[in-house]
Every structure is written in structure tokens, then in C-alpha cells.
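Only one chain is shown below, in C-alpha cells, and it's the form predicted alone.
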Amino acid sequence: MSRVAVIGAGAVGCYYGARLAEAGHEVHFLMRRDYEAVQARGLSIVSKDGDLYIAHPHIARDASAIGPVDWVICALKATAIEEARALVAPCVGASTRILVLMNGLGLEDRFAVWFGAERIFGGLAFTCINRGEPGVVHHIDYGPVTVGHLKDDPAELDTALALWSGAKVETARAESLLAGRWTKLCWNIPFNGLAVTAGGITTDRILADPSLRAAVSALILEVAAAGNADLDAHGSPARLDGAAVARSMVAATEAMAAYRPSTMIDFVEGQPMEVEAIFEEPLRRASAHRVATPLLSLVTGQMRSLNARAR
């Protein structure tokens, strides 16, 4: 069993941290908004894979109260990346490994500069999870996590996957973390972007509209092309089959319940959105590799403008 710190105990961090605690790990949650509610009433997970209640979870307001751990799971919003180093550092000891369970591109590189590349992993969660009232998380659908190592070290990847052994979470290995990140962007960019730019709508409404549905597939093809150019530039043999990814992601999203992507929730609540990591960085790399992405450019510009208003 491992000692684990969850930095960024929102919906995603609470859900996956709770599943690790259920499996027997000593999990500590760094909490802000929900601290008082969880201290008083515990942490409740309402899940399609079985509800879970932790009456007295380990919670802290300050990472220094947690101290060094075996694993840090950083599940902050990408908008908080500038705060991440200070929040994570008190939990990092000589042998600590860090799983970056965040959306977007290039985040693991930031952690590598701060803490060393050998200990950095990326986690890619394909799931529908939203916050309910304070101290309650709703796991609506799916839930698998794909894990990759920043340096694509197979032995380190084995160690990371062993953490999840016995937990009620389906896991998969990403032999290429960069390919995994671009694959995740093939969902995040169209569904987060169109949910916002279409006025704050759910995924089912996107797919029910013929023009938006066509835009989803077109965006996935552009993102996959940019990803392949980026993989090639990094010397990786991994490649994304854009058409196959589009078919798979549209089918998986169509099968899920109506879902409010996290960026759409931020938009309707007037909060800053994860535009930099999910949209701007992929677009910069596409431009650097001379990949034409007209629809990605349009959606990114719209997201940039809407985000400026929220700020």
C-alpha cells in the first residue's frame, strides 16, 4: 500500500483518490472549497460503478500538513498550473513519483523542470465526473485512466500501473505519453470547444445537431494531423489514425449520458477556462509543424475571446 497525496481535490481528484483509498492506500486530499463539508460529513461518491462513502478521509488545507508521500496525484485545473509547483513541492520526497492527472498538452514538461523527468507520469482520464453539493461527487459514466511515463520508460510504467492494482478503476498503459495526450485532445478540443462556443450545451446536443456533429469529426481529423506531426518531430513512431479515432470517440460519446464538459461548466459559471493547455498549445504546435488547422484556429480564437471576458 502506498501513501498518496491528491493535489486538486475537485471532482476528478476526489473520485480517483477515493477509489485508491477504497483499495487500501493511505490517501490524503488537499482541499479548499469542500474542506468544511468533508470534515463534517465525509466524502461521498455517487457512481455508476458503485457508490462509495468515506466517513473520515485524510484532508488538509495545506500541503505541508501532508508531507512527503510515495505518489502525488495532481488533479488541478490547467488554469492553476502556475500554482502547481508550490502546492506539490511539500509532498515530494526523494522517491516520490508524480502523476499529472490534468487536461492539456505540455504540462508534464513543466513538472519535469521542477521535479525531474524520471518521476513524472501523465494520466488521461476518459470519464464523466461532476461535482455535486460540497463533499459529493457524481461519477456519471466511463472512468478508465490511461497512464504514461514522460520518458516512456516501460519499467516505470509498470510501477505506476501497480498503484491501481485492486482499485475499482480500469487502467491502460500509454507506451507513448505524447501520443496519449494527443489522443485525449481529440475528445477535449471538439467537445469542450463546441460545448462552449455553441452557447453552453451538453454533449448529446452537439451530436444531435448535424453541423456540430460534422465539426466534431473535422476537428478530430485536424488534431490527429497536428499530433502526428508533433510525434514525428519528437522522433516517436507512434501515430494517430484520425478517421478511426473520430469514429470511436463519436460512438463512445453518443453512448454516454448527456454530459457537461468541465470547460463548459466553467464557461456558464463565469470561471476561467483551460484554454491555454487544451487549445492554445496544440494550435502553436500545429503552426510550428506547418499543419493546416483552420477549424482549430477558429475555435481557439473563439475560446480565447470568451475566456478573456470571463477573466
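When you see a residue number, it is the position in the sequence shown, counting from 1. Values in this document were obtained by computation on a predicted structure and should not be read as measured data.
The same protein also exists as the form predicted in complex with another copy of the chain; that form is not shown, yet it is the one meant from here on.
- Note on the interface: of 158 to 166, 205 to 213, 123 to 131, 93 to 101, the segment with non-hydrogen atoms within 4.5 angstroms of another copy of the chain in the predicted bound form is 205 to 213.
- This chain is displayed alone, yet in the predicted bound form one of Val275, Leu283, Met31, Val69 has a heavy atom within 4.5 Å of another copy of the chain; that residue is Leu283.
- Another copy of the chain is not drawn, but in the predicted bound form it has no heavy atom within 4.5 Å of Arg3.
- The closest non-hydrogen atom of Thr197 lies within 4.5 Å of another copy of the chain in the predicted bound form.
- Contact annotation for Ile201: at least one heavy atom lies within 4.5 Å of another copy of the chain in the predicted bound form.
- In the predicted bound form, at least one heavy atom of Val299 sits within 4.5 Å of a heavy atom of another copy of the chain.
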